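Let's start with one chain on its own, the form predicted alone, as C-alpha coordinates.
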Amino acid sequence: MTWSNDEIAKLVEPDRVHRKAYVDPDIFDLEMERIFETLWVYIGHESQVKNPGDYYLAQVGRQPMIMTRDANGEIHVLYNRCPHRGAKLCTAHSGNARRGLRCSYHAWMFHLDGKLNNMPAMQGYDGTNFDINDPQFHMKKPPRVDNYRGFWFASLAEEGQSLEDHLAGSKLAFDQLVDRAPGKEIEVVGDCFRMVQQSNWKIFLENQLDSSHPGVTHESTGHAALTVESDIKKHGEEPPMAYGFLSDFKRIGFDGWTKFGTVGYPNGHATLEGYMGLRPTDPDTNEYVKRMYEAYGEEKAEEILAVDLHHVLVYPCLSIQPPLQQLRTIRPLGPNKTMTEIWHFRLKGANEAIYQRALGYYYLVNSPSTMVNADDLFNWWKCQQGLESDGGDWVSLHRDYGRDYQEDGVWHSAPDSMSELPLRHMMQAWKTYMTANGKGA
(Lines give C-alpha, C1' and ligand atoms only; values in the text may rest on other atoms or scores of the structure.)
Protein backbone atom coordinates (compact mmCIF):
# COMPACT_ATOMS: atom_id res chain seq x y z
CA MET A 1 0.00 0.00 0.00
CA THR A 2 1.16 3.53 -0.80
CA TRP A 3 0.35 5.78 2.15
CA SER A 4 -0.54 9.44 1.61
CA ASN A 5 0.25 11.99 4.29
CA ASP A 6 -3.48 12.41 4.97
CA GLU A 7 -3.89 8.67 5.48
CA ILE A 8 -0.90 8.57 7.84
CA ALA A 9 -2.21 11.54 9.84
CA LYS A 10 -5.53 9.74 10.39
CA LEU A 11 -3.70 6.92 12.17
CA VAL A 12 -3.03 9.21 15.16
CA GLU A 13 -5.82 10.95 17.04
CA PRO A 14 -5.34 13.00 20.21
CA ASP A 15 -6.22 10.07 22.50
CA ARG A 16 -5.75 6.92 20.40
CA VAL A 17 -3.58 5.34 17.70
CA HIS A 18 -4.54 2.95 14.92
CA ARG A 19 -2.95 -0.48 15.10
CA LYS A 20 -1.54 -0.19 11.57
CA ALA A 21 1.03 2.26 12.89
CA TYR A 22 2.59 -0.74 14.67
CA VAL A 23 2.17 -3.56 12.16
CA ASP A 24 2.06 -2.30 8.57
CA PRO A 25 5.32 -3.07 6.68
CA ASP A 26 4.89 -0.06 4.36
CA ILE A 27 4.51 2.21 7.39
CA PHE A 28 7.71 0.70 8.80
CA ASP A 29 9.58 1.48 5.57
CA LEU A 30 8.35 5.08 5.76
CA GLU A 31 9.47 5.27 9.39
CA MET A 32 12.95 4.25 8.34
CA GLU A 33 12.97 6.91 5.61
CA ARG A 34 11.28 9.79 7.43
CA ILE A 35 12.35 9.23 11.04
CA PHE A 36 15.41 7.01 11.44
CA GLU A 37 17.09 8.09 8.19
CA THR A 38 16.23 11.75 8.66
CA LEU A 39 16.43 12.66 12.36
CA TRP A 40 19.54 12.51 14.53
CA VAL A 41 20.12 8.87 15.51
CA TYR A 42 22.53 7.72 18.20
CA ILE A 43 25.78 6.08 17.14
CA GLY A 44 27.70 5.61 20.38
CA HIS A 45 29.76 7.17 23.16
CA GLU A 46 33.30 8.36 22.58
CA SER A 47 34.65 5.88 25.14
CA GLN A 48 33.52 3.01 22.90
CA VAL A 49 36.40 3.99 20.59
CA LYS A 50 38.85 4.94 23.30
CA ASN A 51 42.10 4.18 21.50
CA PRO A 52 43.47 4.94 18.01
CA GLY A 53 42.29 2.22 15.65
CA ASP A 54 39.21 1.35 17.69
CA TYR A 55 35.95 0.91 15.82
CA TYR A 56 32.36 0.16 16.78
CA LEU A 57 29.43 -0.83 14.56
CA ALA A 58 26.04 0.88 14.70
CA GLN A 59 23.00 1.24 12.50
CA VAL A 60 21.04 4.29 11.35
CA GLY A 61 17.69 3.14 10.06
CA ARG A 62 18.58 0.47 7.51
CA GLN A 63 22.11 1.81 7.00
CA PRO A 64 25.15 0.02 8.52
CA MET A 65 27.67 2.41 10.08
CA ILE A 66 31.13 2.34 11.67
CA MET A 67 32.40 4.75 14.32
CA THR A 68 36.22 4.96 14.34
CA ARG A 69 39.03 6.83 16.08
CA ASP A 70 42.06 7.70 13.96
CA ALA A 71 45.70 8.11 14.94
CA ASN A 72 45.14 11.81 15.72
CA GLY A 73 42.35 10.97 18.16
CA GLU A 74 39.59 12.22 15.83
CA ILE A 75 36.29 10.33 15.74
CA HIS A 76 34.64 9.52 12.41
CA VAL A 77 31.31 7.97 11.39
CA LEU A 78 31.30 6.10 8.08
CA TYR A 79 29.04 3.82 6.08
CA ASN A 80 30.14 0.22 6.64
CA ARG A 81 30.54 -0.46 2.91
CA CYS A 82 33.50 -0.91 0.62
CA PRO A 83 33.14 1.35 -2.46
CA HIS A 84 34.73 -1.35 -4.65
CA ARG A 85 32.14 -4.14 -4.78
CA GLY A 86 29.91 -3.15 -1.86
CA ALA A 87 31.05 -5.61 0.81
CA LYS A 88 30.74 -4.69 4.47
CA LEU A 89 34.18 -3.89 5.80
CA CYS A 90 33.59 -4.96 9.40
CA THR A 91 31.27 -7.57 10.88
CA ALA A 92 32.53 -7.80 14.47
CA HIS A 93 30.62 -5.42 16.75
CA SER A 94 33.86 -3.75 17.81
CA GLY A 95 37.60 -4.12 17.56
CA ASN A 96 40.85 -2.40 16.72
CA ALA A 97 42.17 -1.74 13.21
CA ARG A 98 45.19 0.42 13.94
CA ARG A 99 46.66 -0.27 10.50
CA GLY A 100 43.40 0.67 8.81
CA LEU A 101 40.21 -0.98 7.64
CA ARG A 102 40.75 -3.86 5.21
CA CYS A 103 38.11 -5.33 2.93
CA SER A 104 38.25 -9.13 3.13
CA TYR A 105 37.01 -9.49 -0.46
CA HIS A 106 39.74 -7.75 -2.52
CA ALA A 107 42.01 -6.24 0.18
CA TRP A 108 41.24 -2.60 -0.46
CA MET A 109 42.70 -0.70 2.51
CA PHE A 110 41.19 2.42 4.06
CA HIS A 111 42.44 4.94 6.56
CA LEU A 112 40.31 5.31 9.69
CA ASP A 113 38.80 8.51 8.31
CA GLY A 114 37.47 6.48 5.37
CA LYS A 115 39.95 7.58 2.72
CA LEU A 116 41.25 4.89 0.40
CA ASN A 117 44.87 4.04 1.18
CA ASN A 118 45.83 1.35 -1.33
CA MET A 119 44.85 -1.94 -2.94
CA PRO A 120 46.69 -4.84 -4.61
CA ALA A 121 47.77 -4.53 -8.25
CA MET A 122 47.13 -0.79 -8.51
CA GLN A 123 48.74 -0.76 -11.93
CA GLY A 124 45.63 -2.43 -13.28
CA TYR A 125 43.83 0.88 -12.87
CA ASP A 126 46.30 2.87 -14.96
CA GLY A 127 44.56 4.68 -17.81
CA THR A 128 41.07 4.17 -16.32
CA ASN A 129 38.66 6.59 -14.66
CA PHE A 130 39.83 5.38 -11.27
CA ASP A 131 41.51 8.00 -9.05
CA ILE A 132 42.62 7.04 -5.54
CA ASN A 133 41.93 10.61 -4.39
CA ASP A 134 38.37 10.69 -5.78
CA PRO A 135 35.84 10.66 -2.87
CA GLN A 136 33.66 8.15 -4.75
CA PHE A 137 36.34 5.55 -4.00
CA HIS A 138 36.47 6.43 -0.30
CA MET A 139 34.12 5.15 2.38
CA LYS A 140 31.03 7.35 2.33
CA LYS A 141 30.24 9.62 5.27
CA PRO A 142 26.74 10.54 6.51
CA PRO A 143 25.67 14.06 5.55
CA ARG A 144 25.78 15.23 9.16
CA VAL A 145 27.67 13.96 12.22
CA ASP A 146 27.90 15.67 15.59
CA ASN A 147 28.21 14.94 19.28
CA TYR A 148 26.83 16.34 22.50
CA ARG A 149 29.15 15.88 25.47
CA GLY A 150 30.78 12.83 23.93
CA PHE A 151 27.59 11.13 22.71
CA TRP A 152 27.78 10.82 18.92
CA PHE A 153 24.86 11.03 16.50
CA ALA A 154 24.41 10.96 12.74
CA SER A 155 21.69 12.31 10.45
CA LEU A 156 21.26 11.13 6.88
CA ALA A 157 19.39 14.32 5.93
CA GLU A 158 21.43 17.01 4.20
CA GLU A 159 19.57 19.75 6.08
CA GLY A 160 17.62 20.06 9.30
CA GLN A 161 17.87 21.08 12.93
CA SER A 162 21.27 21.07 14.58
CA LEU A 163 21.86 18.23 17.02
CA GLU A 164 21.47 20.52 20.05
CA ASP A 165 18.24 21.98 18.70
CA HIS A 166 16.86 18.51 18.06
CA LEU A 167 17.81 17.27 21.53
CA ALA A 168 16.07 20.27 23.11
CA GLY A 169 15.05 19.44 26.70
CA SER A 170 16.41 15.90 26.47
CA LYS A 171 19.96 17.31 26.76
CA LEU A 172 19.29 17.06 30.49
CA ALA A 173 19.89 13.29 30.24
CA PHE A 174 23.43 13.71 28.92
CA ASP A 175 24.19 16.62 31.23
CA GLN A 176 23.16 14.52 34.22
CA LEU A 177 25.13 11.49 33.05
CA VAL A 178 28.33 13.50 32.76
CA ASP A 179 27.89 16.10 35.50
CA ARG A 180 27.19 13.48 38.18
CA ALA A 181 30.78 12.27 37.75
CA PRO A 182 33.17 13.95 40.23
CA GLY A 183 35.86 13.48 37.59
CA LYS A 184 33.59 15.25 35.07
CA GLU A 185 33.90 12.35 32.62
CA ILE A 186 32.18 9.02 32.11
CA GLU A 187 33.10 5.86 30.26
CA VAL A 188 31.32 2.79 28.95
CA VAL A 189 32.10 -0.34 30.96
CA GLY A 190 32.63 -3.46 28.86
CA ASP A 191 30.23 -4.52 26.14
CA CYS A 192 26.46 -4.11 26.24
CA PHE A 193 23.52 -6.45 26.68
CA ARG A 194 21.79 -7.02 23.33
CA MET A 195 18.23 -8.22 23.00
CA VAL A 196 15.99 -8.79 19.99
CA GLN A 197 12.39 -8.07 20.94
CA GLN A 198 9.55 -9.56 18.92
CA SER A 199 7.64 -6.29 18.87
CA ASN A 200 7.49 -2.87 17.26
CA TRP A 201 10.03 -0.24 18.33
CA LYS A 202 7.32 2.17 19.47
CA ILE A 203 5.99 -0.36 22.00
CA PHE A 204 9.39 -0.35 23.71
CA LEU A 205 9.57 3.45 23.89
CA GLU A 206 6.00 3.73 25.18
CA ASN A 207 6.67 1.21 27.93
CA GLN A 208 9.61 3.14 29.36
CA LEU A 209 7.46 6.00 30.69
CA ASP A 210 4.21 4.06 31.14
CA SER A 211 3.80 4.58 34.89
CA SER A 212 0.62 2.48 35.12
CA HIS A 213 2.33 -0.82 34.24
CA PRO A 214 5.14 -1.41 36.82
CA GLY A 215 2.83 -2.14 39.75
CA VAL A 216 0.99 -4.71 37.63
CA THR A 217 3.55 -6.24 35.27
CA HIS A 218 6.33 -6.46 37.88
CA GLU A 219 4.23 -7.14 40.99
CA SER A 220 5.36 -10.76 41.31
CA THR A 221 9.01 -9.76 40.95
CA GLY A 222 8.56 -7.14 43.65
CA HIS A 223 6.84 -9.64 45.93
CA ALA A 224 9.70 -12.14 45.54
CA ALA A 225 12.29 -9.45 46.32
CA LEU A 226 10.36 -8.34 49.42
CA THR A 227 10.36 -11.93 50.65
CA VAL A 228 14.12 -12.21 50.20
CA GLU A 229 14.67 -8.88 51.97
CA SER A 230 12.52 -10.06 54.87
CA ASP A 231 14.48 -13.31 55.18
CA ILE A 232 17.78 -11.41 55.25
CA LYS A 233 16.50 -9.07 57.97
CA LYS A 234 15.41 -12.07 60.07
CA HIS A 235 19.08 -13.00 60.23
CA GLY A 236 19.97 -9.58 61.61
CA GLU A 237 21.43 -8.20 58.39
CA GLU A 238 20.48 -5.40 56.04
CA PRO A 239 19.65 -6.50 52.50
CA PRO A 240 21.71 -5.00 49.67
CA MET A 241 20.31 -1.74 48.33
CA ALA A 242 20.05 -3.29 44.89
CA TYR A 243 17.24 -5.57 46.10
CA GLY A 244 15.17 -2.43 46.58
CA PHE A 245 15.23 -1.87 42.84
CA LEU A 246 12.99 -4.93 42.59
CA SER A 247 10.99 -4.78 45.82
CA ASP A 248 9.89 -1.22 44.99
CA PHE A 249 7.63 -2.65 42.29
CA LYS A 250 5.56 -4.22 45.08
CA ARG A 251 6.22 -1.62 47.78
CA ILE A 252 5.05 1.28 45.63
CA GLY A 253 2.08 -0.73 44.40
CA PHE A 254 -0.22 0.47 41.64
CA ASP A 255 -1.59 3.78 42.91
CA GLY A 256 1.81 4.84 44.27
CA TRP A 257 2.99 5.70 40.78
CA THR A 258 0.68 8.72 40.70
CA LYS A 259 3.32 10.75 42.55
CA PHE A 260 5.85 10.53 39.71
CA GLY A 261 5.32 13.22 37.09
CA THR A 262 6.08 13.03 33.38
CA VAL A 263 7.13 15.81 31.00
CA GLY A 264 6.93 16.13 27.22
CA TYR A 265 9.57 18.27 25.51
CA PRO A 266 9.63 19.51 21.90
CA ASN A 267 10.54 17.00 19.15
CA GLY A 268 9.02 13.99 20.94
CA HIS A 269 11.35 13.71 23.94
CA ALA A 270 9.89 12.91 27.37
CA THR A 271 10.95 12.32 30.99
CA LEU A 272 9.83 10.51 34.15
CA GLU A 273 10.60 12.47 37.28
CA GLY A 274 10.74 11.80 40.98
CA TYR A 275 11.42 8.04 41.05
CA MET A 276 14.64 6.61 42.44
CA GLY A 277 16.64 9.78 42.96
CA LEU A 278 19.17 7.68 44.92
CA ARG A 279 20.06 10.27 47.54
CA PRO A 280 20.04 8.19 50.74
CA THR A 281 22.27 9.13 53.71
CA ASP A 282 24.34 5.95 53.90
CA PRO A 283 28.16 6.25 54.17
CA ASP A 284 28.71 5.37 50.50
CA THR A 285 26.41 8.14 49.30
CA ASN A 286 27.90 10.60 51.78
CA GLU A 287 31.38 9.84 50.42
CA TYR A 288 30.15 10.35 46.89
CA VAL A 289 28.55 13.70 47.80
CA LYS A 290 31.82 14.74 49.46
CA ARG A 291 33.68 14.06 46.22
CA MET A 292 31.08 16.02 44.26
CA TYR A 293 31.55 19.00 46.62
CA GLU A 294 35.30 18.81 46.11
CA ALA A 295 34.93 18.69 42.34
CA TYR A 296 32.24 21.35 41.81
CA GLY A 297 31.88 23.30 45.02
CA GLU A 298 28.90 22.74 47.30
CA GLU A 299 26.44 25.04 45.47
CA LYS A 300 27.05 23.61 41.99
CA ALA A 301 27.16 20.02 43.27
CA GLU A 302 23.82 20.44 44.99
CA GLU A 303 22.37 21.95 41.83
CA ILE A 304 23.43 18.83 39.90
CA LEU A 305 22.27 16.34 42.53
CA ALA A 306 18.96 18.12 43.08
CA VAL A 307 17.71 17.17 39.60
CA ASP A 308 15.13 14.54 40.51
CA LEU A 309 15.10 12.64 37.26
CA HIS A 310 14.74 8.92 36.68
CA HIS A 311 14.20 8.33 32.97
CA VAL A 312 14.61 10.28 29.72
CA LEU A 313 13.41 9.24 26.26
CA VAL A 314 15.45 10.85 23.49
CA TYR A 315 13.23 10.48 20.44
CA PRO A 316 13.39 8.32 18.43
CA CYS A 317 16.20 6.09 19.60
CA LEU A 318 17.27 6.34 23.25
CA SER A 319 16.09 5.47 26.75
CA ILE A 320 18.43 6.91 29.41
CA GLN A 321 18.46 6.55 33.20
CA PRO A 322 21.05 9.09 34.43
CA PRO A 323 20.97 8.33 38.20
CA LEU A 324 21.78 4.70 37.39
CA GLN A 325 24.23 5.34 34.55
CA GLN A 326 22.27 3.26 32.02
CA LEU A 327 21.56 3.92 28.34
CA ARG A 328 19.44 1.84 25.97
CA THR A 329 19.46 2.44 22.25
CA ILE A 330 17.03 0.86 19.80
CA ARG A 331 17.73 -0.40 16.29
CA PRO A 332 14.42 -1.27 14.52
CA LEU A 333 14.77 -4.43 12.41
CA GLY A 334 11.21 -4.77 11.12
CA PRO A 335 7.64 -3.83 12.01
CA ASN A 336 7.60 -6.63 14.61
CA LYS A 337 11.28 -6.88 15.54
CA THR A 338 13.55 -4.49 17.44
CA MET A 339 17.09 -4.81 18.77
CA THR A 340 18.04 -2.97 21.93
CA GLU A 341 21.54 -2.38 23.26
CA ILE A 342 21.83 -1.69 26.99
CA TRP A 343 24.98 0.16 28.01
CA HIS A 344 26.36 0.85 31.48
CA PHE A 345 28.66 3.76 32.40
CA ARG A 346 31.18 4.43 35.14
CA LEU A 347 31.33 7.89 36.74
CA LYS A 348 35.01 8.81 36.82
CA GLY A 349 36.07 10.02 40.24
CA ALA A 350 33.14 8.39 42.06
CA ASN A 351 33.72 5.82 44.79
CA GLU A 352 33.45 2.16 43.77
CA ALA A 353 30.27 1.64 45.79
CA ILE A 354 28.37 4.04 43.52
CA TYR A 355 29.44 2.04 40.50
CA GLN A 356 28.43 -1.23 42.17
CA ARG A 357 25.03 0.24 43.07
CA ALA A 358 24.32 1.11 39.45
CA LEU A 359 25.72 -2.24 38.33
CA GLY A 360 23.18 -3.93 40.60
CA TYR A 361 20.38 -2.20 38.72
CA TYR A 362 21.99 -3.12 35.41
CA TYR A 363 22.01 -6.81 36.34
CA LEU A 364 18.77 -7.05 38.33
CA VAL A 365 16.50 -4.86 36.17
CA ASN A 366 17.96 -4.26 32.71
CA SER A 367 19.79 -7.47 31.82
CA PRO A 368 18.14 -9.97 29.42
CA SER A 369 17.97 -12.62 32.15
CA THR A 370 15.97 -10.71 34.75
CA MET A 371 12.36 -11.37 35.71
CA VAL A 372 11.68 -7.69 35.00
CA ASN A 373 12.78 -7.96 31.39
CA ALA A 374 11.05 -11.31 30.99
CA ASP A 375 7.77 -9.72 32.11
CA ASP A 376 8.19 -6.81 29.71
CA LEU A 377 9.30 -8.85 26.71
CA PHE A 378 6.36 -11.20 27.12
CA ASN A 379 3.87 -8.32 27.31
CA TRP A 380 5.38 -6.55 24.30
CA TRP A 381 5.18 -9.77 22.27
CA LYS A 382 1.55 -10.19 23.34
CA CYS A 383 0.82 -6.60 22.33
CA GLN A 384 2.34 -7.21 18.91
CA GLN A 385 0.36 -10.42 18.47
CA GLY A 386 -2.87 -8.69 19.42
CA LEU A 387 -2.22 -5.69 17.19
CA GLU A 388 -1.66 -7.99 14.22
CA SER A 389 -5.09 -9.54 14.77
CA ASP A 390 -8.53 -8.30 13.72
CA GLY A 391 -9.63 -7.95 17.34
CA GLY A 392 -9.86 -4.17 17.14
CA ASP A 393 -8.37 -1.23 15.28
CA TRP A 394 -7.38 1.26 17.97
CA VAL A 395 -4.87 1.54 20.83
CA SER A 396 -6.22 3.56 23.75
CA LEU A 397 -4.17 6.45 25.15
CA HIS A 398 -7.06 8.02 27.07
CA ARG A 399 -5.72 8.03 30.62
CA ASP A 400 -5.85 11.64 31.90
CA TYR A 401 -6.26 13.03 28.40
CA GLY A 402 -7.33 16.68 28.63
CA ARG A 403 -5.95 17.13 32.16
CA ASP A 404 -2.30 17.65 31.27
CA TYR A 405 -1.04 21.24 31.00
CA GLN A 406 1.52 23.17 28.99
CA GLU A 407 4.05 25.78 30.15
CA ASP A 408 6.53 27.51 27.82
CA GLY A 409 6.12 24.88 25.13
CA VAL A 410 6.64 21.95 27.53
CA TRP A 411 3.87 19.54 28.52
CA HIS A 412 3.41 18.33 32.11
CA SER A 413 1.29 15.43 33.29
CA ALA A 414 -1.74 16.16 35.44
CA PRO A 415 -0.84 16.25 39.17
CA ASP A 416 -1.26 12.98 41.05
CA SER A 417 -1.93 10.98 37.92
CA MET A 418 -0.54 8.15 35.86
CA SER A 419 -1.14 10.16 32.74
CA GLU A 420 -0.38 8.63 29.36
CA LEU A 421 1.05 12.00 28.35
CA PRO A 422 4.42 10.58 27.13
CA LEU A 423 2.68 8.05 24.88
CA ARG A 424 0.40 10.67 23.34
CA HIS A 425 3.31 13.10 23.06
CA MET A 426 5.53 10.67 21.15
CA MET A 427 2.76 9.65 18.76
CA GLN A 428 2.00 13.28 17.94
CA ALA A 429 5.71 13.74 17.15
CA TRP A 430 5.55 10.56 15.07
CA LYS A 431 2.66 11.98 13.04
CA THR A 432 4.57 15.22 12.46
CA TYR A 433 7.70 13.48 11.24
CA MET A 434 5.80 10.93 9.16
CA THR A 435 3.87 13.61 7.27
CA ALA A 436 6.88 15.83 6.59
CA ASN A 437 7.61 14.14 3.24
CA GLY A 438 10.97 12.91 4.51
CA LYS A 439 12.49 16.40 4.74
CA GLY A 440 14.93 17.18 7.55
CA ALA A 441 13.38 18.05 10.87
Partner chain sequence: MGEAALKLVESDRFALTEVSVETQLAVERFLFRQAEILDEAEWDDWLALFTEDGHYWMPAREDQEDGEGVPNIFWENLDIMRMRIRRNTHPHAHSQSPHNRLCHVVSNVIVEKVEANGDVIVRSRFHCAEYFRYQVRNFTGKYRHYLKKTPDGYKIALQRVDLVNREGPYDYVMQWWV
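Quantities reported herein were computed from a predicted structural model and do not represent experimental measurements. Positions refer to the first chain, counted from 1.
Here the subject shifts to the form predicted together with the partner chain, a form of this protein not shown in this document.
In the predicted complex, the partner chain lies within 4.5 Å of some heavy atom of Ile232. Among heavy atoms of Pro368, some come within 4.5 Å of the partner chain in the predicted complex. Though the partner is left out of this view, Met122 does not reach within 4.5 Å of the partner chain in the predicted complex, counting heavy atoms only. Taking non-hydrogen atoms only, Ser162 never approaches the partner chain to within 4.5 angstroms in the predicted complex.
Stretch-level contact check against the partner chain in the predicted complex with heavy atoms at 4.5 Å: of 308-316, 356-364, 73-81, 127-135, the positive one is 356-364. The partner is absent here, but in the predicted complex a heavy atom of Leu377, alone among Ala414, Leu30, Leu377, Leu57, sits within 4.5 Å of the partner chain. Note on contacts: among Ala224, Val145, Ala97, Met241, the single residue with a heavy atom within 4.5 Å of the partner chain in the predicted complex is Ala224.
With contact defined as any non-hydrogen atom lying within 4.5 angstroms of the partner chain in the predicted complex, the stretch 400-420 contains no contacting residue.
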